[in-house]
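Read the single chain below, which is given as structure tokens and is the form predicted alone.
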Amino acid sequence: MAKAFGKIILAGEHAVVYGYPAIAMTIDLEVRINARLSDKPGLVFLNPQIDPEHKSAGLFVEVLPKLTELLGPRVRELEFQIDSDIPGGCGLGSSAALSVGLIRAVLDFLGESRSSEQIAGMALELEKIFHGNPSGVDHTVIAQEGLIWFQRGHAEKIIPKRPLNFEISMASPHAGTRAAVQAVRHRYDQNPSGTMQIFEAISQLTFDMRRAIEQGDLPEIGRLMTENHALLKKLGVSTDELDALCAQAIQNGALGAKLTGAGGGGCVIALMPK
């Protein structure tokens, strides 16, 4: 049984698409996939929460040739039984986990192994089917697991000095990562200098957050998360519901809170004192 965890982004979403850094972490929600020989190859979803768009037979028409190209002709003989704890359309990496999980399931079936970097590289090709031009952070952190710094295809582990405990609150599902990224692109095309100023500010706080994580400064991490959310709001990717969830989390004792992922809906993460 192959597994792949979901993820959250602590800082840097959207800016990361334009080459700026991001910090991401895997969470204890997962996709589980079993690959077996079958006379009816394809994707079989067992009570999944993955995005409905990922369940279509049409999608597998695209996924199967890519998996076959990456891992060989035996893929065409396989049925993939898929179960998931990760809610779709909420910024928690459901499609990236599916991509990594499918790669791992085929490797398990073949009795082969690859490095996390190689798995991430193959998963990127599947992520392109789901999202067009992904930043790379989602499938990279899911393939490597843990807490990572990501920029321009390069990832390295971050070692936190103190444990990071997050609570996740769910708002309405978003309209899709591809749509959110395209909306920010449109904003950039209309106002490149103003948009780049927001990206630069997000980048600076991402560097500051890495330092705070490595120093174990939880109040500073929380403050930077809240600042990041304010910048994402300026970028136009927050919603009233996400803003209200952030405010409520802080009122209830969180050190900071922000949306995670593409925005326009999805989830809020809140850093808790303990």
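Residue positions are given as counts along the sequence shown, with the first one as 1. Since the model is a prediction, treat every value here as computed from it, not as a measurement.
Below, we turn to the form predicted in complex with a small molecule, even though it does not appear here.
Participant: Of these, Val137, Val75, Ile86, Met122, which has a heavy atom no more than 4.5 Å from the small molecule in the model of the complex?
Facilitator: Looking at the other structure, the residue within range turns out to be Val137.
Participant: Given that the small molecule is not shown alongside this chain, does Val17 nevertheless sit within 4.5 Å of it in the model of the complex, heavy atom to heavy atom?
Facilitator: Yes, Val17 sits close enough to the small molecule in the model of the complex that at least one of its heavy atoms falls within 4.5 Å.
Participant: Taking heavy atoms and a 4.5 Å cut-off, does Leu107 contact the small molecule in the model of the complex?
Facilitator: So Leu107 does not count as contacting the small molecule.
Participant: Consider His131 of the chain shown here, and say whether it contacts the small molecule in the model of the complex, taking contact as heavy atoms within 4.5 Å.
Facilitator: Although the small molecule is absent here, His131 would touch it in the model of the complex, with heavy atoms inside 4.5 Å.
Participant: Can you work out whether Leu10 and the small molecule are in contact in the model of the complex, taking contact to mean some heavy atom pair no more than 4.5 Å apart?
Facilitator: Leu10: no, not in contact with the small molecule in the model of the complex.
Participant: Want to guess which of 177-185, 67-75, 163-171, 194-202 is within 4.5 Å of the small molecule in the model of the complex, heavy atoms only?
Facilitator: The contacting stretch here is 177-185.
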